[in-house]
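Just one chain is shown here, as structure tokens, and it is the form predicted alone.
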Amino acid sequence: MRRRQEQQQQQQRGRVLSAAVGALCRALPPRARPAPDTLRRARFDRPQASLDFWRLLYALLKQIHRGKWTESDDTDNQIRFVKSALWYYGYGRPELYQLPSDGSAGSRELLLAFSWLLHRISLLEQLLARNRVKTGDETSVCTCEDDLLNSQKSTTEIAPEYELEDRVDVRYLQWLNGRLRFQWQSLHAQHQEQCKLLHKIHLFTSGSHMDQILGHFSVTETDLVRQPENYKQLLQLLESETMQLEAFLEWKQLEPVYWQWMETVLDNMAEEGNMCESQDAHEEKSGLPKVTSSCPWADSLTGQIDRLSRDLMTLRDQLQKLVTQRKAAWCEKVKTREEELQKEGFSATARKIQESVELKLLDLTYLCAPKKNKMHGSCRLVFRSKHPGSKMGFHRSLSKEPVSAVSATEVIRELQMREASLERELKQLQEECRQRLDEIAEGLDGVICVSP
């Protein structure tokens, strides 16, 4: 009787797990939707599922990065892209980066990476947001300059240091800069042309929409009015998106079952790792006594803690050396500044200091000002002809409340303030670089430097 109950419970858990995995697969985009058996085979590290998982991660990450996904890309390029993207997001398991480039093994490692992306970067939510059917005219607005600065700092910190032989010609960098500026100008001109066309559509269709908040048609709605036969394609897209959203809701209800299943996968990997370690120790014939652990993953966790402590000790020593070097460098700068103050006039130095202090005060005033609700994400463009000075507004795409509307002039004013702050910072950095170059040029005998 007890055995029959246990069998029934196992069958019930299996059915619930199958439902969770099926909902997860159906919530993924149609072009990158795996079969549920692929995840089940990956649990047992079947090599048949490895190549399918590489292609799955490649397709999903390409959509996240708004890249063009083509099935003609060879396996080597797909695997290289997936490894680079996982490294960018901070995935730290070295076993994944050691997988072969032909996709012949490592399906369980890929299952772990896929699950890590689900939890770490909210993979499903991002895919649903990027692939949703847009019936309105939207634009992306971001006034979160703090996040941008932090991301730039983190990118600078992890940037690799190149040796002298890796340096390129300055003329090539100048050519790349000019090409980038030309592309930015072309993109800006195309965006301006798009805004003009949107304004015409919104103006000519004003008062035609059933929704009084919007009041005008979007490009998609205008196209449906002109070509009504296109509604079938739009209806298919909306039905597909509805099925995805229903699968996503089912997945959110069954998500704890999936993570319990992943815990069993981790336990199995830990047991296999402990078995391999015990076999290696037996082959080496070490005289150490055997220690049995009550938990199968305790030994590996202890080893990770030991490695982490050693890394922390090494990092502490490096930080101490860095602090010592920084102190020495600041002492040299102070001495050099004292000599410059003795050579230059006091009034010129005081004026530079005053300008520097005013710049910092302006930045502090901007930073310490009461923060408004920062906008980030997609907003719908809404034409407003009744309000003077504001003929275009932004509505949050996820809200139908008119209170959440923000006029375009407010966003432009805030972006202009940010632009002025960045320009002041750029001028300050250029002045510092110019002074540094002058100091270097003074130490070169017989060399004439001509400014570009």
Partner chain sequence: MSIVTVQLGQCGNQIGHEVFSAICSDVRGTHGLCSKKENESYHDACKERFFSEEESEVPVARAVLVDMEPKVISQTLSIAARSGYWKYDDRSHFCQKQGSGNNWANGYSVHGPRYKEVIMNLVQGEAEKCDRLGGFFTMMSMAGGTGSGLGAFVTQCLRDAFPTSFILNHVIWPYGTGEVIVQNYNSVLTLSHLYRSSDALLIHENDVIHKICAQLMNIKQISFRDVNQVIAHQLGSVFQPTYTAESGLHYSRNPLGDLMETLVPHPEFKMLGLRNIPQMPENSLAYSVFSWPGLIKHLRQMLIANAKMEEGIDWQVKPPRLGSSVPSSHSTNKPLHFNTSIANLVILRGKDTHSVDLGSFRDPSLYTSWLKPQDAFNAWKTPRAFNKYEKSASLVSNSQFLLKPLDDVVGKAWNMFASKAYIHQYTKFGIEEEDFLDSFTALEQVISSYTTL
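Numbering follows the first chain given and starts at 1. What we label the rigid core is the largest C-alpha set whose atoms superpose within 1.5 Å from one form to the other. Everything numeric here is computed off the predicted structure, so don't read it as measured data.
There is another form of this protein, the form predicted together with its partner chain, and it is not shown here; the text below is about that form.
Proximity of K252 to its partner chain in the model of the complex falls outside the 4.5 Å heavy atom cutoff. In the model of the complex, R226 stays away from its partner chain, with no heavy atom inside 4.5 Å. When contacts are judged by a 4.5 Å heavy atom cut-off, G92 does not count as touching its partner chain in the model of the complex.
In the model of the complex, its partner chain stays beyond 4.5 Å of every heavy atom belonging to D317.
The chain is drawn here without its partner chain; in the model of the complex, the stretch among 177 to 185, 99 to 107, 264 to 272, 116 to 124 whose residues come within 4.5 Å of it by any heavy atom is 177 to 185. When you look in the model of the complex, the only residue of T242, Q236, Q190, S140 with a non-hydrogen atom within 4.5 Å of its partner chain is Q190. Y172 is the sole member of F204, Y88, Y172, W330 with a non-hydrogen atom lying within 4.5 angstroms of its partner chain in the model of the complex. In the core-superposed comparison between the shown form and the other one, E193 has its Cα shifted by at least 2 Å.
E423 shows a C-alpha shift of 2 Å or greater between the shown form and the other one [criterion: core-superposed Cα displacement of 2 Å]. After superposing the rigid core, the C-alpha of W259 moves by less than 2 Å between the shown form and the other one.
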